[in-house]
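Shown here is one chain on its own, the form predicted on its own, set out as structure tokens.
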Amino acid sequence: MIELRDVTVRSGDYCLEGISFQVQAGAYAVLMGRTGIGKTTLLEAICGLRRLVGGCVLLGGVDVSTWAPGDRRIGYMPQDLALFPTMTVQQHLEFALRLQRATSSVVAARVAELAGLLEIEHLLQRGVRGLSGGEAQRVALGRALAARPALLLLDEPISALDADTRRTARQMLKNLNRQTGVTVLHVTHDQEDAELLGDVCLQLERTSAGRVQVQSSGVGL
């Protein structure tokens, strides 16, 4: 389970203040809100890339607010994917495991498992330059999942895909959630994405007093 209690985080002159919500373990939560309201900032705060000004982030009931990003067991897929241009697809899937100093046999088994799950076995020896949008998305997703995170954060993961690829990607994301049991928090602007994917819908909204709050609905709360 992920829970935010009165989280406050700043980004320049912008401030998200008193953000609270929870999502049960294994649920697929969708986070919506207008452009610029702070969705990406909130994801970065959850995974430790932005320091909290106040409040706390709990994962599985444990306060991880002061933990380093690599200790939180969170997989993060940013909107721009942030693939490494000099690495092969296989090296992307190995990356987090190498940082953890996993044995060669563990790395090889996990790469094979992810490549099969994401249907990218034929891409393993390729560089990432020239991959299609859908292929690049699968590689970035595999890198985020490699270390078996308890929580997966997705920032507009399929917004740049064409309509046909987007439908395939939606089904893949839902299947991954069901097959792996990972809790997902997925930022999107697309109402159809929210309706087809989300067990839980979280909406960032600005109040009449100027504060941003979260409205929650769904079955995974």
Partner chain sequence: MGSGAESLPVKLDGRRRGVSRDAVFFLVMGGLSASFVVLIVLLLLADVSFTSPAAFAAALRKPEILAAFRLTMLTCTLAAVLSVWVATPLGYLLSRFRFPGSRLVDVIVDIPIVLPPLVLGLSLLILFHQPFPLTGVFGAGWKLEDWLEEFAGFPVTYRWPAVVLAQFAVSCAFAVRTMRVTFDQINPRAEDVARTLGCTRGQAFLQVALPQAWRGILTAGTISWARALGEFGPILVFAGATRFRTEVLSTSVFLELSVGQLDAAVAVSLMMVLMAVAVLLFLRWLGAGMST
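Everything quoted here is computed from the prediction, not taken from an experiment. Positions refer to the first chain, counted from 1.
Below: the form predicted in complex with the partner chain, not depicted.
Site residues L49, Y76 and A82 are all in contact with the partner chain in the predicted bound form, judged by any heavy atom within 4.5 Å.
The chain is drawn here without the partner chain; in the predicted bound form, the stretch among 157-165, 24-32, 186-194, 37-45 whose residues come within 4.5 Å of it by any heavy atom is 37-45. Among residues of the shown chain, A112 is not one whose heavy atoms approach the partner chain to within 4.5 Å in the predicted bound form.
Although the partner is absent from this view, R138 stays clear of the partner chain in the predicted bound form, with no non-hydrogen atom inside 4.5 angstroms. For S105, no non-hydrogen atom is located within 4.5 Å of the partner chain in the predicted bound form, even though that partner is not displayed.
At the 4.5 Å threshold, heavy atoms of G70 reach the partner chain in the predicted bound form.
Checking L117, M87, L131, L124 against the partner chain in the predicted bound form, a heavy atom within 4.5 Å turns up for just one residue: M87. Residues F95, A96, L99 are the ones in 91-108 with at least one heavy atom within 4.5 Å of the partner chain in the predicted bound form, listed in sequence order.
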